[in-house]
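Below you'll find only one chain, the form predicted alone, shown as C-alpha cells.
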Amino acid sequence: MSLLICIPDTMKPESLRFALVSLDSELQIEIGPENVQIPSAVEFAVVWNHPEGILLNYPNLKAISSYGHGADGLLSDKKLPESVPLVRLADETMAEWMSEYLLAVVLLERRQLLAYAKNPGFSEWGTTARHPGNNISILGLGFLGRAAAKVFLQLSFKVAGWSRTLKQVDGVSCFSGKDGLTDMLKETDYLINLLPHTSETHNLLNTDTLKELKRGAYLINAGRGQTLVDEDLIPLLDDGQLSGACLDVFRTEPLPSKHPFRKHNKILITPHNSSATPADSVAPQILENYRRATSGCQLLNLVDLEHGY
C-alpha cells in the first residue's frame, strides 16, 4: 500500500515526503501521478490543485486529504471517487502564521506606516497618525478565526465574529445569519475575511454588504477571492466608504498584471502568502489520518460535503 502526494512543486512535495518518512521509515510514498507504478496500491492521497478526475485512477483509495485548511480545492474536482472521505488540515503553526499576517496588516494600517513609507511628510514631525477605531470583526470563526481572535484580544482590541452557525468564543461577540452580519458590520473598523468559498459565501462581500460597515473601515481578505466582488471594491475605496484594503486572495491567481487592483493606491496586495503549509508541522496529522484510513478508524477533520468545508 502507498501514499500519493499530488501537490504543486512550489509547495515542495519532497519536503512533505521527507517529513513523513522521518516519522515512519516504512512508508511507501509516490510523488505525482506520473510516478505511480501500481495504481491499486494507492490508499491515501494528499492533494492541492490536482488535475480533475485523476483520483479516479486509484480503485483502493480510502481517503483524500487537502494540503491546506480549505476544502474548496478538493470540491472543485467534479470527478472525485464516490464514497471516499475527504479531510482537511487544522494546524497550529498555520494558524499562528495567519494570525501574524493579520496582526501585521492591522497594525500597519492603524499606525499608518504605509502612508509614511509613500510620503515621509505624511504628518508633522512629532505627531502621531492613527486609523481610528478599535473594533475587529472576523468573518469565519473556525480554527483560523478563533486563533486570530485570541491574538487581537491580547492586544485589547474589541473582537467580534460571524459564522454560519452561532458560536461561543470567550471574549468575542458572536453573530450569525443575515441580520447578525448587518449588526456586526455597523460597529466594524477592521473587517477580516477568513471564510471558505461555498455557495453561501460566494460574492458575500459586495457593495450592499460593505456599505453596512462603519465609514472608513479597512478590509482584509485572506479567505477566498470568490467571496469579494472585485468590481464593487474600487468605488467604495474611491468614495471613502473603505479607507483601504489588503488582499491576499483573488478570483484569478496569480493576480493578472493589468488587474485594476494592482494600480490602486489604497490596495495592498500580497501573493496568497498570509499562511502556508509547513511540512514538518502537518506531517504528523497527515500520517495519523493515513493510519486511520487504512485501518478503518474515524478520520480527523472530515470535510462536511453539505456545507463545503
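Just count from 1 along the sequence shown to find any residue number. From a predicted model like this one, the values you see are computed outputs, not experimental measurements.
One more form of this protein exists, namely the form predicted in complex with a further copy of the same chain; it is left out here, but the text below deals with it.
Under a 4.5 angstroms non-hydrogen atom cutoff, a further copy of the same chain in the predicted complex lacks residue 87 among its neighbouring residues. In the predicted complex, a further copy of the same chain sits beyond 4.5 Å of every heavy atom of residue 206.
The closest non-hydrogen atom of residue 65 lies beyond 4.5 Å of a further copy of the same chain in the predicted complex. Taking the partner from elsewhere, residue 257 is found to have every heavy atom lying beyond 4.5 Å of a further copy of the same chain in the predicted complex.
Shown without its partner, this chain lists 100, 230, 212, 187 as candidates; in the predicted complex, only 100 has a non-hydrogen atom within 4.5 angstroms of a further copy of the same chain. The partner is absent here, but in the predicted complex a heavy atom of 271, alone among 59, 271, 51, 240, sits within 4.5 Å of a further copy of the same chain. Of the stretches 220 to 228, 198 to 206, 117 to 125, 170 to 178, only 117 to 125 has residues with a heavy atom within 4.5 Å of a further copy of the same chain in the predicted complex. Contacts with a further copy of the same chain in the predicted complex, taken as any heavy atom within 4.5 Å, map within 73 to 109 to 96, 97, 100, 101, 103, 104, 105, 107, 108.
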